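One chain follows as structure tokens, the form predicted on its own.
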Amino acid sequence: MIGNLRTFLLFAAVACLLVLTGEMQSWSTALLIFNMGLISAIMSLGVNLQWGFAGLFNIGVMGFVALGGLATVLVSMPPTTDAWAAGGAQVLLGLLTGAAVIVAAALALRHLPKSRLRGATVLAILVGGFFLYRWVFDPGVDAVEAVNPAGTGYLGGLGLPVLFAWPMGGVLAAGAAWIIGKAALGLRSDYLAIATLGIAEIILAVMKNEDWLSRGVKNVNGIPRPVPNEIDLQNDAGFVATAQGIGLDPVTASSLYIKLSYSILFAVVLVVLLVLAQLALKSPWGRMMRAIRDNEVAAEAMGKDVTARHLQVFILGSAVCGVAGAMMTTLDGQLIPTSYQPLRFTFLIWVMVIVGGSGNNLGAVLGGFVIWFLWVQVEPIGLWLMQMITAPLSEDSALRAHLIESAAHMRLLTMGLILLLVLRFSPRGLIPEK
């Protein structure tokens, strides 16, 4: 009973902070924080599935989030017909050739008897296949990227509604997680962390450099939206009349309407994922995962396939992060590969999980809202605080200028301070695992 009351009061406090933001700053800012808080809560939930359920230390979260963002381009952007005509078929043939080389090498490794001949055969397949793959693939890529490189220069997507990209982002991240898990989940936790970080960097390097896939650092703009455009609402006589009837100008009303529409969509996704995560936590599968987390040796002695269960939960958590990545790119309306910074934002998501309560799904959601709110608001609050502290100093004071300029760095200082305080006074998080 006390735990339920504590949970309610903590979520109520977050709601009060958002209402206070709306009253003191603007409701547009409050809704923007709320929307990114919902997405952050979903990312935190995905990491909690891996760490809180199974003890898997994955610090390559941004790689799976980026794959979710890539899914919005591949699914919702219209196909570039000129690029497909110039070299699309050859690009696909090159990818199939590369896949065939990998399959051939794997079959040779599996079926040939262990000997020097097997090693030489596998090496010959990989080396020869690499040159064959590049011979087929590179001319197609050059042809695609040469088609209007300033405006397109890539193959585009399927032109489907962007809502289809959200589950597809989860599927794409899950597929990558399966490949990574098969290779890395046998490693010890510290090596697993290094491996996942390295693989995330590889994913981001591919997205930044393969222009034919996602325009690289040129970015993909104009990603379709699941909600109307502001300009369309402002040109709608009925909407304008309604907005004026409640005392809002059409521009402000359209902005609030769009952000509120996103809030409803994101909240539905979060609730669905949270319910599924709670059902999984309380199921026999969830109890088994916690048993494996607490003592792998004992669980394995009881006949549990630890590696297979780790692979399952690694795929599930990565898929949730992929869904969140697709939602975030949809909200931004553009894919910017350089914005995915693994060390910076992976750290932020881990702080959300630890502060909220590792192993508790509601705690992970709470941590997502609390930490994102502080991440956004600490800088303006810090600037106001520094201005108050330095008010007695003269305008040309070097100390005053230094302190005001340093307000931008208070974000990381605050995150570290919060993490230290939580680990000292509530080491199991704000809402501990039962």
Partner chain sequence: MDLLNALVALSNFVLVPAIAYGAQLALGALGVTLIYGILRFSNFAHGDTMAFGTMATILVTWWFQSMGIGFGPLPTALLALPFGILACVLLLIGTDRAVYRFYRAQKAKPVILVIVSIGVMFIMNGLVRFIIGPGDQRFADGERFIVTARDFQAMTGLDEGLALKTTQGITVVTAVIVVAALFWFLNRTRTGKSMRAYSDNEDLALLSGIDPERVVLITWLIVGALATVAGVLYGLDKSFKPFTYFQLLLPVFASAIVGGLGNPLGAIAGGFIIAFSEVTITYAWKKVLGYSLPESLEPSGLVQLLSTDYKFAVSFVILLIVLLFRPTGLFRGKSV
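Positions refer to the first chain, counted from 1. We call the rigid core whatever largest set of C-alpha positions still superposes within 1.5 Å between the two forms. Here the structure is a predicted model, which means the values were calculated and not measured.
The following text describes the form predicted in complex with the partner chain, which does not appear among the structures shown.
Every residue of the trio Glu210, Met410 and Leu417 has some heavy atom no more than 4.5 Å from the partner chain in the predicted complex. The partner chain in the predicted complex is not approached by Val103, whose heavy atoms all lie more than 4.5 angstroms from it. Under a 4.5 angstroms non-hydrogen atom cutoff, the partner chain in the predicted complex lacks Arg290 among its neighbouring residues.
Remark: Asp236 does not count among the residues lining the partner chain in the predicted complex, judged by a heavy atom distance of 4.5 Å or less. Within this chain, Trp350 lines the site of the partner chain in the predicted complex, having a heavy atom no more than 4.5 Å away. This chain is drawn without the partner chain; in the predicted complex, the residue among Glu296, Glu201, Asp332, Glu230 with a heavy atom within 4.5 Å of it is Glu201. None of Leu403, Leu374, Ile381, Leu32 but one reaches within 4.5 angstroms of the partner chain in the predicted complex through a heavy atom, and that residue is Leu403.
Residues placing heavy atoms within 4.5 Å of the partner chain in the predicted complex fall in a single listed stretch, namely 128-136, out of 268-276, 141-149, 91-99, 128-136.
Along 368-387, one residue reaches a heavy atom to within 4.5 Å of the partner chain in the predicted complex: Met386.
Once you line up the core between this form and the one not shown, the Cα of Thr390 ends up 2 Å or more from where it was. After superposition on the rigid core, the Cα atom of Ile404 is displaced by 2 Å or more between this form and the one not shown.
For Leu423, a C-alpha deviation of 2 angstroms or more is recorded between this form and the one not shown after rigid-core alignment.
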